[in-house]
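Shown below, as structure tokens, is a lone chain in the form predicted on its own; questions about how it binds or moves come after it.
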């Protein structure tokens, strides 16, 4: 099949020239002009929009776009001038209503005109870079109506007056306000901003400046903040009802500046109602309001934080230095915990758990807790009190909660090693006297300390528990092997303590009663016979005893006493009267301990199994003691504690402090050697900084002590001074 030859078609213009009626453009424009007049006069129902559109289309097509566009501008301008006169003549409140009605009419007319001139909009306007019809209509409205000399200022005054009336409690027509402000927005952001928003913000600033000054003179802080918060909410609501959404940031900034930022210092320091008063009285609602308002302005939260920190430090300083509060260590720590709970609650409920305030709280507590060098001892005594048996109505869970709170205080301590020293002493007493709430709780506390400070901190504490368990097994072995030899004599329960783990102090052994010595020797023989390389030293100052006593009229009681007290009471099996000197000579108990034991046995009401002459609270060296056969008690078992101060005496405190200082020396030296070994050469100040950084989790080393330890290491040839620069140290391998 052969391919057909392709034919090219061509469309040509008419050969003859089409002559246009010379009056065509004028006649067509008159038709369109009449239509525009009818539209503005609300007579559009009789118009044929199809015919009008075709006329406008033909005018543009025949190059009369310019005439059409110019005619439109002139016609619309004429109508708008008439509308302006109508609006100007409106009286009072009808002014805005008339403006609103005319604006609605203009918009409808503009829509119809734009539909008729759609072709011109798409072609002529676009190609000649003129303003589109709709935008042209808005611009003409702006120039002839809004910027009319008789309308512009009147419109602004009426809008601002309505807003002022609404602020002072009157109800206004918000729908009308919304239509008018929307009109300004539709005319362009610059019209809304220049003709309304800027003056509105200036008048608002003036209004709130006056109001805030009046309120701050007559209101307390809480009431002022409530009114400021209400004003802020009102302005935000006002924006949502009839202002541009972008105005919210600007008007709230004005309110914040005039009502909050300009009066911050006066508000927080207001007497009897300011921030300090709110903190003292736990006014969570007021504090939360202050936080939420102040966070809106620059330096607002830092102002609250600074005042809170200052108050907290002053309060804490009084708390840790008040002699009355230092009398009872448990109350002292409880007051600190109550203060911490109080501010934790404030930060959670009122300050949105803000990290800035949590950090301020932590730094304040760290500051004032370390002002009192007895804080480590007191915190340990507090833990001791909570971990002892006999706390009424306190479950293990409650104790656990308390321990978690105590750990927060522990973290603030700079001298954690001092706490460790005291904690070891108190734990030893609890374990040896069997006074713990439970082993689980004790171990839980050690785990918390281990998590906080590492294994080295708790290794000796864990060793104490190991010794207690081993001692139980040892005693079982002893009684199994000695069962036939012991008979009906006294029974012995020995705790064998590893010297390095326990806070034992060398003490002169007292003279034990003969019947006790026998079984003690049997235990020594058994223990040393089953183990090699061990040495036993009796710590009689740490033991307890249960003895049976018979008083007048055959009354029998079981007395729980210390080993020292047992030695004293056993002397009265053979005599009825002994002087202080005779007891001291027979027992060889150290005088300070002996006096405390005799006080417990003779001077405590309900526990006075001995009688003293002359009767007094203190023990003198010429006192005489008698067995009190008239002693009575409603209890079969009577516990007689040793009279002792809960806190350390001054000499004991000095001794503990001295031991702590001695223990620190090798730690400081080890840190210096570690640092120098890795760095080889360092100047003095850098060593001090690095040693402090390494050891601050346990204690804050004194730079003077660091210098002495460096000198000691130089003497022992671990380090040497640089021969040129004497401030440089070199490590000697």
Partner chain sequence: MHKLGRGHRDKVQQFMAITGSSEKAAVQALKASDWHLEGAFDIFYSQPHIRTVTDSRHLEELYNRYKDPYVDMILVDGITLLCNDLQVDPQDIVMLVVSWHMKAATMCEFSRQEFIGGLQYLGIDTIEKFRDKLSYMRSELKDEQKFREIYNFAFGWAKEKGQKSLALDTAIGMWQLLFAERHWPLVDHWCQFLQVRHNKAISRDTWSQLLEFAKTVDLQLSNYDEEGAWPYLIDEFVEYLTENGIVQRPQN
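Residue numbers count along the first chain shown, from 1. None of the values given here were measured: they were computed from a predicted structure.
This protein has a second form, the form predicted in complex with the partner chain, left out of what is shown; the following refers to that one.
This chain is displayed alone, yet in the predicted bound form one of 42, 674, 707, 34 has a heavy atom within 4.5 Å of the partner chain; that residue is 707. In the predicted bound form, no residue of the candidate spot (386, 396 and 398) has a heavy atom lying within 4.5 Å of the partner chain. In the predicted bound form, the partner chain sits within 4.5 Å of a heavy atom belonging to residue 726. Among residues of the shown chain, residue 664 is not one whose heavy atoms approach the partner chain to within 4.5 Å in the predicted bound form. Taking non-hydrogen atoms only, residue 685 approaches the partner chain to within 4.5 angstroms in the predicted bound form. Screening 692-700, 60-68, 677-685, 24-32 for residues having heavy atoms within 4.5 Å of the partner chain in the predicted bound form returns a single hit, 677-685.
Contacts between 695-724 and the partner chain, taken as any heavy atom within 4.5 Å in the predicted bound form, involve 707, 708, 711, 714, 715, 716, 717, 721.
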